[in-house]
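Below, in structure tokens: the form predicted alone, a single chain.
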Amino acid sequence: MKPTRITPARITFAADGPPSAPDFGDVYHPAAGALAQARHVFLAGNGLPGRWAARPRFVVLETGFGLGNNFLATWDAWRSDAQRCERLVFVSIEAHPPRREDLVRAHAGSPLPALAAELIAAWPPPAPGLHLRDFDDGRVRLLLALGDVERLLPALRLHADAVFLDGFAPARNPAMWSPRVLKAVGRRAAPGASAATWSVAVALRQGLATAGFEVQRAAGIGGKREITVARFAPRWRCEPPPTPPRDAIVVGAGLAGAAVARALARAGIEVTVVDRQPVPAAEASGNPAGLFHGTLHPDDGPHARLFRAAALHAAQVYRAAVAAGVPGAVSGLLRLDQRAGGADAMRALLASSGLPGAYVDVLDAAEASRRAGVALPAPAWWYPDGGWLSPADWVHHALAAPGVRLLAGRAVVSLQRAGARWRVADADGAVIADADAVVLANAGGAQALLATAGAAGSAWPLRHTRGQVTWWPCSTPLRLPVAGDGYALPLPGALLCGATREPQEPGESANDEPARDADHRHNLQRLQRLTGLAPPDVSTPLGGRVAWRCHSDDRLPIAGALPAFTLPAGQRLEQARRVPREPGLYALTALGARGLTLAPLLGELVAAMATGAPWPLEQDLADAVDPARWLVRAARAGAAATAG
């Protein structure tokens, strides 16, 4: 896959007029003002705020974010409305986002200064893909998709209640108003959805009608005599959004379980988390600290894109958690790279990727050493939004969210459907809890539970690896986390390093076991190679912990709705997204050694699938982590064998 490059907008600011885009020969809003246009065209044109009254969730889809004025106006209207919906989700696409400094300048005289300041503070780096930002304690969500609308819009999964068709004039930017784009809008519209735009171009109106909208004209503003308003009323049957569950059970109280429980609770679902251990994060998520950061691949394929989206989202979540007292730091991470060609080869790779320095940059050995506070042996990738966190403390923090109930020390050994609900029971058959939905977030134990529910034959190829970390109390010159062959992490008053990676041997138990002296020595040797830091004196007592990581054979996590236990006769299995699903049953597991990076975003993905909210990942990335992907691979392998 050719990497997608995001080119920030070139904006010209005039002393006596609105900002303009010289590359398109157009202005960002009329002289009457951005807020006036947003309120008249997009809010009133979509019947807002009245149409969202008392709804649990209302979704707006916008085709051009621009300078964010429509989002700010919608957010302001939501805040001002006593009858507002419980949650507002604003999904917007932008091919050429403004630079942060231009966004600051554009909103210097904003009539909504407080909201504009929050938007600017949360502004993402210009990296392609979806960027999730929450405001007002998660009740207002911005899902900003950076990239070309023709490519991104078909990749989004959502049911829009209102559509803001905005962008530069059709004559200036015809691709943004193309029949393909309008058709994709129709496919993402909920039954009865509305749409509005300031344009009355004939081709636009015809395109909307073809996409299933009933189109009308309305009074215009700012020199425009008329605008276009529309209602989605297709002649064909369209699928309504799924009905959200009233409650959910999450099995597992580690990083995965805490992340999905937090996301479900923020969506208004009552959540019961059940774990066999007496306290949360007692297994693989219980290490004193761990790292989170993105990655970079030459082809920018699904693995790199997934980890980039996950790392950028994790930074937002963990920055707020650290501010709330969770031990950690989102202040950057160095990953050494000892490839041939050194820093020059790394810079060439970064240039070909088109990724911004705000996501990842290249530092030569001297600059990397200066930032680290120790002499490093090689150049490094610099991830400004990387860092470290205490996994166990974050799990406790996430499980303390309103709407989450924890049942610790309760081992779930069976899972059964009871009518329209699911039940989990203990070894004696006693029901621990029942709910509309269940999420299996208990690592390798998920498959055993699926077998009890009748999902024979749907096993995933899971593996376990043993990892041991080492730490000791000390004062260290190391200022930042450094990764490469192993990692080193400065903690308050201590230094942590690791981790080993050993496959589980046949017959070996993944239960608790003591740390090994040989593994401590291995960790300390790698620490010295990585950072030049000397190991502690032999008299220093070493702390250590063993954790068993669960991962899949393709090294990608498993996240999403589970395939139906019984597939219809003749069911085609060419694409995971087409596989029928078992109602109300989901999984989030196999996060491997990157749980801190992956858990928050994938928790949001599973919650979105369960509740019908817009997905925070493009469809192809959701396919890459789909629990049904092995069914598709097996079907393809069988077809290939038959053809051969």
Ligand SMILES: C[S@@+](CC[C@H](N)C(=O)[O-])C[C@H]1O[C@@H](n2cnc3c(N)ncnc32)[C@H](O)[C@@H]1O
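Source: prediction; values computed, not measured. Numbering starts at 1 and follows the sequence shown.
The same protein also has a form predicted together with this ligand, omitted here; what follows describes it.
For the options Gly207, Gly147, Pro490, Pro124, the one in contact with this ligand in the predicted bound form, meaning a heavy atom within 4.5 Å, is Gly147. Taking a 4.5 Å heavy atom cutoff to this ligand in the predicted bound form, the contact residue among Ala175, Ala323, Ala171, Val104 is Ala175.
Only one of 600-608, 45-53, 58-66, 574-582 places residue heavy atoms within 4.5 angstroms of this ligand in the predicted bound form, namely 58-66. Although the partner is absent from this view, Glu94 contacts this ligand in the predicted bound form, with a non-hydrogen atom inside 4.5 angstroms. Contact annotation: Trp615 falls outside 4.5 Å of this ligand in the predicted bound form, judged by heavy atom distances. This ligand is not shown here, but in the predicted bound form it comes within 4.5 Å of a heavy atom of Asp166. Of the heavy atoms in Tyr28, some are within 4.5 Å of this ligand in the predicted bound form.
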